[in-house]
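Presented below, as structure tokens, is a lone chain in the form predicted on its own.
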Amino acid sequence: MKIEKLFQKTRFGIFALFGMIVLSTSLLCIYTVDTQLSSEYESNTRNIAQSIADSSVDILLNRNLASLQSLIDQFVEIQGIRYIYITSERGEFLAHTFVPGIPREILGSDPSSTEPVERRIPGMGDFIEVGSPILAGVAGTVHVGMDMDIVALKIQRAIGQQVILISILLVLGVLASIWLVNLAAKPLGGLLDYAVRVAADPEKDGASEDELLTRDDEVGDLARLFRYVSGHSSGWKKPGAPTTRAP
């Protein structure tokens, strides 16, 4: 006889608990990975801008714009870096990697600003632009644009791996909880069958009854209670228990 109804709330509670754990862990994972990777890419981009600024001092002093263009062309090959441009202290564009020309969004921006700026350039995508001054801004400013699409893709991959792992743990946890609930329900099911048989035929015994009656847990206690109530207490005693007689 099945006793599914007895553990319905227990199973629902387990599913709800695992669901809350997975949801909260996933949200925390998404927030942490997004924040850390975004900060890391922004920091790397700022370091690249600083490196270009340090390397371009002598080039600017010699007014060798061809070497300056070659320098930024090498850095733009780094994954995630989409564009680089250098402006003078007067806001003139000395070198850039835009093809065929400088977008209007860049032309209309503040050439001396070094604060991170989010930009959307039609035909190119979304970017975070950081700047680094050259000789404290006296010789100009280096601006580096980081492609947010590439960063977002890497973040999605990192988050996806975490979510897959958490989902696997969720499935395994739910399956393990079902197995454990069924493990607890099996002896109770046998006890219920025994109670029904005792009620139907108090004189009938069997091997399954002996297994229940010899258990040292609550199921065994209930089985012995059912046997006692049915009038069989004088014909059976637990192994190792002393024999008693009613006065």
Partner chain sequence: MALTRRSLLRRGAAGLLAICCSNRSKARTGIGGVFDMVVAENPGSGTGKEIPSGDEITLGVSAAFSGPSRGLGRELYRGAKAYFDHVNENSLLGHRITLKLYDDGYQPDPCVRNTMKLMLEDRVFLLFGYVGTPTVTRVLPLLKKFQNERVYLFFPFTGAQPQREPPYGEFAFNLRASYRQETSGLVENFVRVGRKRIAVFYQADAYGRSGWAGVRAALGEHGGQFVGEATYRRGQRFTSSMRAQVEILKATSPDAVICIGSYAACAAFARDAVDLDLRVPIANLSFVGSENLLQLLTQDREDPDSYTRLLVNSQVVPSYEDLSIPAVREYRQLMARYDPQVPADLAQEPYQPFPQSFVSLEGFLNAKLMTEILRRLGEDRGRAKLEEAVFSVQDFDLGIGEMVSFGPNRRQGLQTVYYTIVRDGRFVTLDDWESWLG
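All figures in this text were calculated on a predicted structure; none of them were measured in a lab. Positions refer to the first chain, counted from 1.
One more form of this protein, predicted together with the partner chain, exists but is not displayed; see below.
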property: Residue contact check: S43 to the partner chain in the predicted complex, 4.5 Å heavy atom; result: yes
property: The partner chain contact in the predicted complex: L37, any heavy atom under 4.5 Å; result: yes
property: The partner chain contact at L65 in the predicted complex, heavy atom, 4.5 Å; result: yes
property: Contact of T97 with the partner chain in the predicted complex (heavy atom, 4.5 Å); result: yes
property: Position in contact with the partner chain when the complex is considered in the predicted complex, options I150, I78, L165, V174, heavy atoms within 4.5 Å; result: I78
property: Listed residue that, although the partner chain is not shown, lies within 4.5 Å of it in the predicted complex (heavy atoms), from G160, G101, P122, G108; result: G101
property: Non-hydrogen atom within 4.5 Å of the partner chain in the predicted complex for each of S70, D73 and F93; result: yes
property: Partner-facing stretch of 126-134, 85-93, 108-116, 165-173, counted where any non-hydrogen atom is within 4.5 angstroms of the partner chain in the predicted complex; result: 85-93
